[in-house]
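Only one chain comes next, encoded as structure tokens, the form predicted on its own.
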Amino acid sequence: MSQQPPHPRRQRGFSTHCIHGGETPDIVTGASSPNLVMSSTFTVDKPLPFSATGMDSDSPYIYSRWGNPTVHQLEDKLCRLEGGEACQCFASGMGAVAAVFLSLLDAGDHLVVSEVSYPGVAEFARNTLPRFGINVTSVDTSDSAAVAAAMRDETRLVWIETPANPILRLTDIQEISGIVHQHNAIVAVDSTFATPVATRPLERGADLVMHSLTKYLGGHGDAMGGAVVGPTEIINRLTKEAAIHHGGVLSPFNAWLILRGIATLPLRMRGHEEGALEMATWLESHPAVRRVLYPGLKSHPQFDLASRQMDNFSGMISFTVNQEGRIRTRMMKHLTTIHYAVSLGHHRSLIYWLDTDELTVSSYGLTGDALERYRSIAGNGVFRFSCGLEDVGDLKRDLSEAID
């Protein structure tokens, strides 16, 4: 776990933090690049407790599950980017999600979660948490009245994802945080699609922000990781409960790769947004495409909120088509520049079909009005397109081969 130095955002700009945050030249060798410390254990020169429960922020390194210098460099950097006090990294985004849910919720507590979210989160909330006696309510978090109506005396946590995977629905973080805090509950935001380049939820009133580092922050599709940033008191609970006892900590090697990725994050996000906006505009005019969902398009139903809440519209596009079965088959066979593959936020473009029936039944469990809301946006399903950094002309030609 890492705690942020005083007022770093006043001292340096965002891009400078992406490069230098949490990093200093090695005091022994003078190496400019961050060291990769792969040791699982560390020598000590004084008696220390064998249990990690006695650790504090001044404790030396003892064992890499308890704390590692390379991982701490990444945690320091993420604190600076999000403006948070402390950060804890995990082996994956889902590891970070599970850490929040299982460290902050007890039997009898109530969780409010976005009805549309990353399927792993939705399935964990629906299928796993109730086994531990935790009550879960799924709501449309873009509707503040629905969130207010879902709150109970025993509500401890509200989980927001904005933009939401896969239909890019936004939630007003500041508005929802105000409602939730009236009930003395915690607001956690999955900001993976946005990144701190676009949205910094802590500045808008949220208590915690979670990132799948596997996506835009790492940026190159070669390292998995997750992180939670927030107040020291809450992050300490995640460290002692989830990191130390559940054990799903981040590999130092993956932390080192993600540190490398973050150095170019502002430049990459600028390129992702530029390419995605051009692709979304092109798709919107294509006769085979029925609907395009992208926060940077004026046709997006929440374009005004996106303009207020996002400094960058990111690189994620979802779109519906006519004859989706034929087009999906053609994509798998004929795409050459774009990879037909899951995941997102990489330098290379990725696309994948997300079937409405499968998601709404197996992941979201949507029925009634909630199901109709989803179908009204997604139809039979969406192609989720993570626009990479290739030449846009090549991306257009590649998609044309599949959808024309």
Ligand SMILES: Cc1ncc(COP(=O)(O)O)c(C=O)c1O
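In case it trips you up, residue 1 is the first one in the sequence shown, and so on. Since this is a predicted model, take the numbers as computed values, not measurements.
One more form of this protein exists, namely the form predicted together with this ligand; it is left out here, but the text below deals with it.
- This chain is displayed without this ligand, yet in the predicted complex the stretch 87-95 from 196-204, 271-279, 87-95, 131-139 comes within 4.5 Å of it by heavy atoms.
- Interface membership of Glu82, defined by any non-hydrogen atom within 4.5 Å of this ligand in the predicted complex, is ruled out.
- Proximity of Ser314 to this ligand in the predicted complex falls outside the 4.5 Å heavy atom cutoff.
- This ligand in the predicted complex is approached by Leu344, whose closest heavy atom lies within 4.5 angstroms of it.
- This ligand is not drawn, but in the predicted complex it has no heavy atom within 4.5 Å of Glu75.
- When this ligand is considered in the predicted complex, only one residue from Ile235, Ile176, Met210, Val292 comes within 4.5 Å through any heavy atom, namely Met210.
- Residue-level contacts in the predicted complex: of Ser103, Asn254, Asn165, Thr239, one residue has a heavy atom within 4.5 Å of this ligand, and it is Asn165.
- Counting a residue when any of its non-hydrogen atoms is within 4.5 Å of this ligand in the predicted complex, the hits in 214-230 run Thr214, Lys215, Met224, Gly225.
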